[in-house]
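This document opens with one chain alone, in structure tokens, the form predicted on its own.
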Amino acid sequence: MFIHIDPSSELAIYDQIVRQVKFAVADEAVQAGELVPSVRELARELTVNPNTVSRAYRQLQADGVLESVRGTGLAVAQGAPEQCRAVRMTLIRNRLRQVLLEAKHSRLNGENLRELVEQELAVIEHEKGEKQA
């Protein structure tokens, strides 16, 4: 499972882990029933304290994304992909709303915003194409 931690992020490291696991489950990069790395494995991979990973996993269990598999570890719960897709949409919608409010407060009109969004989407698609090549 690929998780990238940004130490300079406003989000706590355990929150970054929680979000990225949810996004991976939403994209079905990690399938329902699939085991996730152990606390120690993921902590070593991310070079973070195992307690941080443990806290993230406890949160993911409380959220119904992961479930304990007796004698084996933690696996993605059935139904988690749909749940995670809904969570992802809510998170992105809230962040987008904040950006749009900031833009409105700075007196950008709707046309300026649409143009800006289209330009940024084009840049992202171009960068994505370069990475795949």
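Position 1 is the first residue in the sequence shown; the rest follow in order. What you are looking at is a predicted structure, and each value in this text was computed from that prediction instead of being measured. The term rigid core refers to the most C-alpha atoms you can superpose between the two forms while keeping them within 1.5 Å.
The next section is about a form of this same protein that is not shown, the form predicted together with a further copy of the same chain.
J.: Should Lys128 be classed as touching a further copy of the same chain in the predicted bound form when contacts are defined as heavy atoms within 4.5 Å?
T.: Lys128: contacts a further copy of the same chain in the predicted bound form.
J.: Would you please decide whether Arg97 lies within 4.5 angstroms of a further copy of the same chain in the predicted bound form, comparing each non-hydrogen atom pair?
T.: The answer is yes: Arg97 has a heavy atom within 4.5 Å of a further copy of the same chain.
J.: With a cut-off of 4.5 Å between heavy atoms, is Gln31 one of the residues that contacts a further copy of the same chain in the predicted bound form?
T.: Although a further copy of the same chain is absent here, Gln31 would stay clear of it in the predicted bound form, with no heavy atoms inside 4.5 Å.
J.: Is there any non-hydrogen atom of Leu108 lying within 4.5 Å of a further copy of the same chain in the predicted bound form?
T.: It does: once a further copy of the same chain is placed as it appears in the predicted bound form, Leu108 has a heavy atom within 4.5 Å of it.
J.: Judged by heavy atom distances of 4.5 Å or less, which residues of 57-89 approach a further copy of the same chain in the predicted bound form?
T.: Heavy-atom contacts within 4.5 Å come from Arg58, Arg70, Arg88, Met89.
J.: So, superposing on the core, is the move of Glu115 at the CA at least 2 angstroms between the shown form and the other one?
T.: Yes, the C-alpha position differs by at least 2 Å between the shown form and the other one.
J.: Rigid core fitted, then: does Met89 show a CA shift of 2 angstroms or greater between the shown form and the other one?
T.: After core superposition, the C-alpha of Met89 moves 2 Å or more between the shown form and the other one.
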